[in-house]
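Take a look at this one chain, the form predicted alone, written out in structure tokens.
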């Protein structure tokens, strides 16, 4: 198996320093909707200047370079043990080159490893096997602590919010999560929502929805309509960029439904800040492509 450490390092660099076009375009469209001279307009202008400087200088878009979340689809017969080592080595190299801050802190002792390694969960790597003739794909998301902190999980029914076990109830609790987040999640953000599953699979699926591009259409028409409704209603709250007020609180909403036990009805909301850092590399033979 070829050594892909340097290629994965490049994936980390691009993810940390170069915001994807779909996100930048959405931010620019949002800027045009805000009142010139307003705090919201100024915040978005500053964000976009920062995006351009980070790309030009190959420096992190945000000082919080986030938790590295890798999603690896590997062809049958590939060694996941070797892939894990390559990813870990690439993360260590990226930390030395300052594409990543040394963020990995032991929860018990408080000790920082200094190189973004830790137990088997840091960096976080999800593996899924595909057919032998399929390419190797590695997707990376860097999820900052601020937006992670305002994520939420609800159990329906929720009597206090009059939210039942239906999509109307889901809408109520998701909008509550947006309201509770205010500016602490570094708005404008993107909502990744999972309905169903158990507590663990629901949170995992809510983050997986964030791997798709802004504007990608949900194949379920009912969920697609709900995504649009939640985005529109969230933007009517007036929270605005960084909580300064304005028309842009949520850039997009993505929803996925999971099977569940009859006894449980979870709704998990993963909030992604404006620094929506995700990239993908595809390896087919000797060819490596970055998206």
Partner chain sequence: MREITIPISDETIRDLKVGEPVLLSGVMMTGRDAVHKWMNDTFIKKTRQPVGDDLEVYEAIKPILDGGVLYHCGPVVAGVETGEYKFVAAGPTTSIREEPYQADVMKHFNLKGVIGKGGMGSKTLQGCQETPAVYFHAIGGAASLIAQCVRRVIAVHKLDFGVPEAMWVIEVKDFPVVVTMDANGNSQHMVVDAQSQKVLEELLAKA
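Numbering follows the first chain given and starts at 1. The model shown is predicted, which means the values in this text are computed figures rather than measured ones.
The form predicted in complex with the partner chain exists for this protein as well; it is not shown, and the discussion that follows is about that form.
*Asks:* Answer with one of 152, 161, 211, 93: the residue that has a non-hydrogen atom within 4.5 Å of the partner chain in the predicted bound form.
*Replies:* Of 152, 161, 211, 93, the residue with a heavy atom within 4.5 Å of the partner chain in the predicted bound form is 161.
*Asks:* Counting non-hydrogen atoms within 4.5 angstroms of the partner chain in the predicted bound form, say which of 250, 47, 69, 223 makes the cut.
*Replies:* Residue within 4.5 Å of the partner: 47.
*Asks:* Just checking whether residue 271 would be counted as a contact of the partner chain in the predicted bound form - the rule being heavy atoms within 4.5 angstroms.
*Replies:* Residue 271: no contact with the partner chain in the predicted bound form.
*Asks:* Using a 4.5 angstroms cut-off on non-hydrogen atoms, would residue 84 count as touching the partner chain in the predicted bound form?
*Replies:* Contact check for residue 84: no, nothing within 4.5 Å of the partner chain in the predicted bound form.
*Asks:* Can you check whether residue 59 is within 4.5 Å of the partner chain in the predicted bound form, heavy atom basis?
*Replies:* Taking the distances in the predicted bound form, the answer for residue 59 is yes, it comes within 4.5 Å of the partner chain.
*Asks:* Classify residue 27 as contacting or not contacting the partner chain in the predicted bound form by the rule of any non-hydrogen atom within 4.5 angstroms, answering yes or no.
*Replies:* Residue 27 lies outside the contact set for the partner chain.
*Asks:* For the interface check, one of 168-176, 129-137, 103-111, 190-198 should have non-hydrogen atoms within 4.5 Å of the partner chain in the predicted bound form; which one?
*Replies:* Every other range fails; the passing one is 168-176.
*Asks:* At 4.5 Å by heavy atoms, is each residue in 75, 219 and 282 next to the partner chain in the predicted bound form?
*Replies:* No residue of the spot touches the partner chain in the predicted bound form.
*Asks:* Do any residues of 234-248 have a non-hydrogen atom within 4.5 angstroms of the partner chain in the predicted bound form? If so, which ones, in sequence order?
*Replies:* 236, 237, 238, 239, 242, 243, 244, 245, in sequence order.
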